[in-house]
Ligand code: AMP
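We begin with a single chain expressed as structure tokens, specifically the form predicted on its own.
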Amino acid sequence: MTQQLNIDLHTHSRCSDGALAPAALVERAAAAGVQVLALTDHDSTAGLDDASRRAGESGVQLVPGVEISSAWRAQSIHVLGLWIDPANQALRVALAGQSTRRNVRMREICAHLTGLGLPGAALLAIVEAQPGVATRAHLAAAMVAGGHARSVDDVFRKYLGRGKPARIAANWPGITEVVGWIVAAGGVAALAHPARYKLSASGRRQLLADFAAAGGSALEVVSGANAAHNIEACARWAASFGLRGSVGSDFHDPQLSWNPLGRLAKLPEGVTPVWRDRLV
């Protein structure tokens, strides 16, 4: 397969914090000219069956995927699992554990909101009624809808961001453990949006070294609205650590203009595509 294919290996559906049902996501991708699509919901593979059925009808090649939250030096790091076997029992158990971690954290956050005079119990009920895994994006949307903040950004600035009163640190498993889950499920572990993590140059190099040592084999070189200099930097990192390159929009919502489906930049020359020898 050549790099000229329209490929997107990082998208989200309503089964995590995306706006569209899995089938609708596939339809929108097909309409945008995407030929190879990965559904990579946060810590969930619940949407893959519906997405696969619609992909077969739409002529889109679906890559079964997941985006798993992990920890590295107290920072949350996201690892994409591509070409996973969603029926793998160990992976299913691991993702169930992730769901439990999310639910516990959400209850703690809402308890803190109650202590701040906000209707934490009512907000928790709204979040838990949403399809898919419970995320802070769901909570922020509920707070905006309830008139408790002007915008999602406002929620994070006032309540959920680092150092804010309802901030609860996530208790994610280490990056080595998460990469192990993906590899054991037959998948390829790709580090998601590496330019977004707030790390020093030396810290980023150590993260990449640890990721590669754990069995990670790819880096998301093209991600969403990455500027050209970010793509160039990611390409250099991939070469330095012997990692293949991936491309992904991180698409969540049609109303967000910064990461539309079907309009990703191509991998830079010299970067080995993660999909080499994987597509049919």
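All residue numbers are counted from 1 along the displayed sequence. All of these numbers come straight from a predicted model, not from anything done at the bench.
Separately, the form predicted together with the ligand exists; it is not shown, and the next lines address it.
Asker: Of the residues 164, 205, 112, 105, which one places a heavy atom within 4.5 Å of the ligand in the model of the complex?
Answerer: Checked against the cut-off, the match is 105.
Asker: Could you tell me which one of 149, 127, 137, 94 places a heavy atom within 4.5 Å of the ligand in the model of the complex?
Answerer: Of the listed residues, the single hit is 137.
Asker: Any chance residue 83 has a heavy atom within 4.5 Å of the ligand in the model of the complex?
Answerer: Residue 83: no, not in contact with the ligand in the model of the complex.
Asker: Give a yes or no for residue 252: in the model of the complex, does one of its heavy atoms lie within 4.5 Å of a heavy atom belonging to the ligand?
Answerer: Although the ligand is absent here, residue 252 would touch it in the model of the complex, with heavy atoms inside 4.5 Å.
Asker: Considering only heavy atoms, tell me if residue 197 and the ligand come within 4.5 Å of each other in the model of the complex.
Answerer: Contact check for residue 197: no, nothing within 4.5 Å of the ligand in the model of the complex.
Asker: Would you classify residue 42 as touching the ligand in the model of the complex, given a 4.5 Å non-hydrogen atom cut-off?
Answerer: Answer yes; at least one heavy atom of residue 42 falls within 4.5 Å of the ligand in the model of the complex.
Asker: Among 113-121, 178-186, 97-105, 83-91, which stretch sits within 4.5 Å of the ligand in the model of the complex, heavy atoms only?
Answerer: Heavy atoms within 4.5 Å of the ligand in the model of the complex occur in 97-105.
Asker: Just to make sure I understand: among 138-157, which residues lie within 4.5 Å of the ligand in the model of the complex, judging by heavy atoms?
Answerer: 152, 153, 156 sit within 4.5 Å of the partner.
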